[in-house]
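Next comes just one chain, in structure tokens: the form predicted on its own.
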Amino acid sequence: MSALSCDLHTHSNCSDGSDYPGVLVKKAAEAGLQAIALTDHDTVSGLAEAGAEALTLGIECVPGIEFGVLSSRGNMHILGYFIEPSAPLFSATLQRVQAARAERTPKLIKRLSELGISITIDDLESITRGGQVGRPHFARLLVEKGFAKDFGQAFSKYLARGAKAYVPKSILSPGEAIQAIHSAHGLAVLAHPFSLRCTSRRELETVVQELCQQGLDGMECWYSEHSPSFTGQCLDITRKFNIVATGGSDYHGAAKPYIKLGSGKGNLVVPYECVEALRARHEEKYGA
């Protein structure tokens, strides 16, 4: 691992990862990363533990979050960095999103039951260990119960958009997510743009331009599923629209064992300059 690298997209067991926040930060330090961002789905409950462990170990920990948002193109997620979670609008938005997530769980259980698959709240609580329930937890149980051979099949057959048991969760528009992040003095970044399934660079540029008009601050260019050529396209687009280029592995621990912290599928290196660029944009936007 490069001495000047970082990982700005990670998940703990507070959402759908497997590691406790402090353990995640410890692993980042052991991997030689200069900085890490904890970006759990729809929750900030792990930030205090991650920040405390980072101070102990001398590694930088950027407080973050990841929101799923409504989109007509593939799956769109917005990352928030350097957030102040106590901000009123941010807190209210988070409560709305968490309520929608909680409402999805029994609906998913019902859909699976109609397909002859029994998954209970107790099953889910046994693996979430107090964290939020997400589709990866359902996927793990589908594999354990023999209804899918692996996570990929669990999603494609049951949990992905359009699959047999799919239940939508996202309730925020991209603009609402960006506004909430900005209200918390954070920076809003488009996550893993490959997931938008754009068919051309021009189409991706159109999406990014629309988001920039709503206040987008950056885009995730380095990512575990991005090819070198797509990363290059993303970097070009960030320069065109004068937004920050960021990157991360989308590490989930045992939930996605093929994704390694800091290195993704083995060839990912996110330069530490991403953190410096985010900090500079943050100071420009909000002051030192």
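Model, not experiment: these values are computed from the prediction. Don't overthink the numbering: it's just position in the shown sequence, from 1.
What follows is about the form predicted together with a small molecule, which we do not show.
When the small molecule is considered in the predicted bound form, His226 lies well away from it, no heavy atom lying within 4.5 Å.
Although the partner is absent here, Pro136 sits close enough that one of its heavy atoms falls within 4.5 Å of the small molecule in the predicted bound form. Taking non-hydrogen atoms only, Phe151 approaches the small molecule to within 4.5 angstroms in the predicted bound form. Not displayed here, the small molecule is kept clear of His182 by more than 4.5 Å at the level of heavy atoms in the predicted bound form. Though the small molecule is absent from this view, in the predicted bound form it lies within 4.5 Å of a heavy atom of just one residue from Arg111, Lys169, Lys157, Arg73, which is Lys169. Only one segment in the set 233-241, 48-56, 252-260, 27-35 has any non-hydrogen atom within 4.5 angstroms of the small molecule in the predicted bound form, and it is 252-260.
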